[in-house]
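We begin with a single chain expressed as structure tokens, specifically the form predicted on its own.
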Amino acid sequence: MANAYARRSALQHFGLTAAAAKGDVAGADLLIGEAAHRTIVNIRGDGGDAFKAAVRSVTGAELPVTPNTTAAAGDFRILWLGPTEWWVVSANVDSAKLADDLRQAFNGQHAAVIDVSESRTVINVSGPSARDVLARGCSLDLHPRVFGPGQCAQTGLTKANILLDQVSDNPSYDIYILKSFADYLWQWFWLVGRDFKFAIRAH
């Protein structure tokens, strides 16, 4: 885990805090912002009863086993990545503690726990026009009858690999992206957002 005093938001150089203070959030139909320093712990295992019980003991959430779905409880959200792979994410829980707790819970099982928090940042896109904006760069069908809250998918967004998680039906989406691509994706949103009433929102 990186030392807290040395941590920088992947998009800090854009001055988002100051920009958010000047934005007209109430009048916007598109809101974008960075949710920096999200805890992200990758877990791998067979997804069996013992594995599920271990995850539940730490997070309180039921492990999602249906492809491209999520589960949430308290401070935790679990995202399905594959038949034997998930992310446990949190905005409030320390990543090192979460990883340690999961390793202890998996003791005796064939499982892996890796803290990948520092590799990614999260860009949140929300508002009535959020779906239309994403459709300009994403090949997924994001119509509500197909993709809604509680669903996630690994996909491409304007040539960047992302994990897209719809967190509410506003709609609101969390976009997990490698920090090395965050600048590029943010500038794409900034360019496309000019066609809408958009504002930057602090997280």
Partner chain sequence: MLLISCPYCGPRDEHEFAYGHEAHIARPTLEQQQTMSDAEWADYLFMRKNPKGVHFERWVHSRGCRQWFNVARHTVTHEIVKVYKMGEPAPKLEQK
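Keep in mind it's a predicted model, so treat the numbers as computed, not measured. Numbering follows the first chain given and starts at 1.
The same protein also has a form predicted in complex with the partner chain, omitted here; what follows describes it.
Enquirer: Test of understanding: in the predicted bound form, would Gly148 fall inside 4.5 Å of the partner chain by heavy atoms?
Expert: It does not: once the partner chain is placed as it appears in the predicted bound form, Gly148 has no heavy atom within 4.5 Å of it.
Enquirer: With the partner left out of view, is Leu81 within 4.5 angstroms of the partner chain in the predicted bound form by any non-hydrogen atom?
Expert: Yes.
Enquirer: Do Asn68 and the partner chain share at least one heavy atom pair within 4.5 Å in the predicted bound form?
Expert: Yes, contact at 4.5 Å.
Enquirer: I'd like to check something about Ala153: if you look in the predicted bound form, is any of its heavy atoms closer than or equal to 4.5 Å to a heavy atom of the partner chain?
Expert: Yes.
Enquirer: Determine which one of 25 to 33, 136 to 144, 165 to 173, 54 to 62 lies within 4.5 Å of the partner chain in the predicted bound form, judging by heavy atom distances; exactly one does.
Expert: Contact-bearing stretch, as computed: 136 to 144.
Enquirer: Taking the partner chain in the predicted bound form, which residues along 85 to 118 bring a heavy atom to within 4.5 Å of it?
Expert: The stretch 85 to 118, when checked against the partner chain in the predicted bound form, contributes only Glu85 at the 4.5 Å heavy-atom cut-off.
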